[in-house]
Each structure stands twice: as structure tokens, then as C-alpha cells.
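Before any questions on binding or motion, here is one chain by itself as C-alpha cells, the form predicted on its own.
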């Protein structure tokens, strides 16, 4: 009888331990999902448009934005995916990688619905990522700086030395003589080109324009 009581007691203890482990696992999953939803709710107005531009400029060179949007991955998987892109040659800085991982894991997490509502309904109207004021006055571009800025941000679509690629040729493009149209296009986007006003400062845009004018 004594041995049988001990056996029953051991089984009860094992059952309780397994129950606690299962409860802990479910609690961990629930907390992770809640954290992702909370992160989504706190994605800043500047982060979302900047991340969308980075997806087009850095990721869509090899992958369509639709392919990215179809994924539903936890943060660790998004981190591994971004690192793999960097390993394969994507020019992504540490700051850009952080922005992408935070945004992608917040919007495209495993608990996200198959069909997400438009981004504009989830975040307020985008504010400029930079601190430059729209009314800051004329900016003088420096061509020597513009070359590097173009290479890092524009070359993937517009080709080496701006000779064209996925995007149109910019070297000797007539738009360079119409600065208002050039600035309007870069700041707010046009057609398939995304808006870059949340990524590049006015000085950086002026530097790119100055460099393109020498091509």
C-alpha cells in the first residue's frame, strides 16, 4: 500500500510538472504575440515610410515587395533574413537593418492577418525622418558627397553612374534642369518610385542633384 501511494504521488507530481511546463509554453507564446502587437501599435510615423522605402531600395532588387509582404515570421527569423541579405551583398547599414527588422517583425509577424489593411490606416501621416525643415531655404549641393549618397541609395534602381537599370537613366536626364520637378519627385515619389523625403535630408538630395549634373 505504501509503495502504491508513493507511485500515485510521483505520477501526480509529474503530471503537475508537465502541466506547468505546458502552461509556461502557452504563456510565452501569448506574451510574444502580445509584444508583437504592442510593437505594431507603437511603430512611429517616421519608421514605417522609411522602412517601406528601404524594402524597395534594398530588397526589391532581388525580391518583389509582394513576396516580402506574404511572409509571417517572428522577429528572430526576420533578423536572420536581413542578415542573410547582407551576406548576399545587399548594401544595408546597421541602422537600416534595425529599422527593417523592427518594422517587418511588427507588421508581418506570425499573428498578423493574411490580408493587412493599408499602411496609411495603421499609422498617421508620415513626418519627415530628418530634422530638416521644408522651409529651410536654398541648399547648395556638393557633388563629391552626392556620388556616395547616390551609390548607397539610388544605384540599385538607376544603375552605376546613373546610366539606368530598373529605373530610368538619370545621367543627362532633362529633369535635372527642372529642379522643382526633380525635388518633387525625390521628396514625394512618382509612379513606381517611392518617396525619399523620409530617408534623405535636403542637403543629401541637393548633393545627389549636384553629382548627377556632372554626369
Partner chain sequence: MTLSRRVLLERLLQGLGVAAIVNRHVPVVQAAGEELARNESGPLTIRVTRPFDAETPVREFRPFLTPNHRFFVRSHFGPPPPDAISEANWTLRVGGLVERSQEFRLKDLRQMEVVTITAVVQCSGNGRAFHRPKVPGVQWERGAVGNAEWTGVRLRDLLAKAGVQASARHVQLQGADRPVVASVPLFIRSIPLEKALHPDTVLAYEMNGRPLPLLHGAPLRVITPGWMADSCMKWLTEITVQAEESKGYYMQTAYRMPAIPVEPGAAASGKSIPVEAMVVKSLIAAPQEGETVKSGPVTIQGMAWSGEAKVVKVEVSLDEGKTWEPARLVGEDRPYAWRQWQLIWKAKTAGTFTILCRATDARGEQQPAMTPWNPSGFLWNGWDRVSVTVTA
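The model shown is predicted, which means the values in this text are computed figures rather than measured ones. Residue numbers count along the first chain shown, from 1. Heads up, when I say rigid core I mean the largest set of C-alphas that superpose within 1.5 Å between the two forms.
Although not depicted, the form predicted in complex with its partner chain is the subject of the following passage.
**Student:** Residue-level contact is defined here as any heavy atom of the residue lying within 4.5 Å of its partner chain in the predicted bound form; does residue 172 satisfy this criterion?
**Tutor:** Flag for residue 172 set to yes.
**Student:** Find out whether any non-hydrogen atom of residue 77 is located within 4.5 angstroms of its partner chain in the predicted bound form, and reply yes or no.
**Tutor:** Judged by the heavy-atom cut-off of 4.5 Å, residue 77 is in contact with its partner chain in the predicted bound form.
**Student:** Do residue 95 and its partner chain come within 4.5 Å of each other in the predicted bound form, heavy atoms counted?
**Tutor:** The answer is no: residue 95 has no heavy atom within 4.5 Å of its partner chain.
**Student:** Is residue 66 a contact residue for its partner chain in the predicted bound form, using a 4.5 Å heavy atom cut-off?
**Tutor:** Answer yes; at least one heavy atom of residue 66 falls within 4.5 Å of its partner chain in the predicted bound form.
**Student:** Within 4.5 Å of its partner chain in the predicted bound form, which residues of 71-104 have a heavy atom? Give them in sequence order, or say none.
**Tutor:** Residues within 4.5 Å: 71, 72, 73, 77, 84, 88, 89.
**Student:** Is the shift of residue 80 between this form and the one not shown large enough to count as movement, that is, does its C-alpha move by 2 Å or more after the core is superposed?
**Tutor:** True for residue 80: a C-alpha shift of 2 Å or more.
**Student:** Taking the shown form as reference, are the C-alpha positions of residue 195 and residue 88 brought closer or pushed farther apart in the predicted bound form, with a change of 3 Å or more?
**Tutor:** Relative to this form, closer in the predicted bound form.
**Student:** Report the direction of the Cα distance change between residue 88 and residue 167 in the predicted bound form, compared with the displayed form, as closer or farther; the change is 3 Å or more.
**Tutor:** Compared with the shown chain, residue 88-residue 167 is closer in the predicted bound form.
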